[in-house]
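In the form predicted on its own, a lone chain appears below as structure tokens.
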């Protein structure tokens, strides 16, 4: 594992909405470069940038038309090269969002693939042999060209699935992962990775990494595929970080990823904590962390105690934390997020409690996610300092509430969400037990939530009480020093104040 991942705290940037420096209402790469010092001052030392390659933007850039070119609305490849260089000057690292599962229908590969005449791209995508046969279990494009067959889709109808083969082929058109077409797809993706890593990129967050090989129920063919990528990276770019969006860390780590990005859907119960009718981190104290912790422990044990599960504050695909949680609740949520193993990811604006903007018309495939993608709120000037464009020209409308949070006001308020997040990151960076590689042992999954983080000789007891009532727990540990929060300790019992957290050396 690259050494820098051991204490990495990521800041996720949705480039469209971060900072516009040319007045067109859309954020750009230069805007990210301009705000590197802000990100570093917050305490984040790594950045994940959502897709920024050329695209028709039917899915906000997750429909790539040229993997080796920065989308013109964001700037140029030179702008990206300069961003890498400026980040490295500050001791920071940048990973890009790699989307290997599909492209846009506008990608040159696909334009060649649809041709009736056999060519080197004919097998780049998943095609059936007949226009009348759809790929089993997948939506498809059909009747779009003279080629006889249907092309499998991932997600939207403009995202044809790239061909990595089928683990258990049962139709003549289904290739095996080691066949020539699927292997050519692998090599094309390696070439893309090589291009950006040579420019200065520090690695990739891989979109839906567990979905590449089709008809692979146990995931083992996909694991073997990524092991091939791991061999390539170890040989050419051993310091490149790889974080998977998979949701099954035992498989992703076996495949050679350094960390697995926790999914917000499926069996993780991640949103039991933050995004349900009764979130665990609500003051009402009616939620439950039990199923989340049970699943976390199951995954943790499968990986042999390697707690390399990245838990994000949110991302571009889910509601903002502040849609369900108030500022006090956000602080306890961040006490949890920033004291768990694996690299934490902070979605831009979550550090100031930016809200989900209700009632927006879908933008670039956002649909219900659009309200979580509104422009960053830097100050109280025009467009909150995001852009000099007319407000109606902004990529997505901003929160128009009179009390909307902004960075400038929160930086000067020691009781703000920003100040608390900055403090928590500082504590994490001062204690190796709190960083990515430290172990975790859960003691209580109720109210309060209690767990122990350990690394070498250091042991920290973490106690979090999101509820509006004091909570008391029996103590079987000697408290040496409280490093965060405060509590009453008496005769082997600890009383934790409402909506607060305590970190203690034991």
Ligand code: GLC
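Quick caveat: nothing in here was measured; it's all calculated off a predicted structure. Residue numbers count along the first chain shown, from 1.
Not on display, but discussed next: the form predicted in complex with the named molecule.
Between the options 406, 350, 216, 245, the residue in contact with the named molecule in the model of the complex by a heavy atom within 4.5 angstroms is 245. Among 379, 207, 86, 239, the residue placing a heavy atom within 4.5 Å of the named molecule in the model of the complex is 207.
The named molecule in the model of the complex is approached by residue 59, whose closest heavy atom lies within 4.5 angstroms of it. Residue contact with the named molecule in the model of the complex: residue 282 places no heavy atom within 4.5 Å of it.
Although the partner is absent here, residue 190 is not a contact residue: none of its heavy atoms lies within 4.5 angstroms of the named molecule in the model of the complex. Of the heavy atoms in residue 369, some are within 4.5 Å of the named molecule in the model of the complex. Only one listed stretch (388-396, 311-319, 88-96, 429-437) carries heavy atoms within 4.5 Å of the named molecule in the model of the complex, and that stretch is 311-319. Three-residue candidate spot 222, 226 and 306; no residue lies within 4.5 angstroms of the named molecule in the model of the complex by any non-hydrogen atom.
Along 127-163, a non-hydrogen atom within 4.5 Å of the named molecule in the model of the complex is carried by 155, 159, in order along the sequence.
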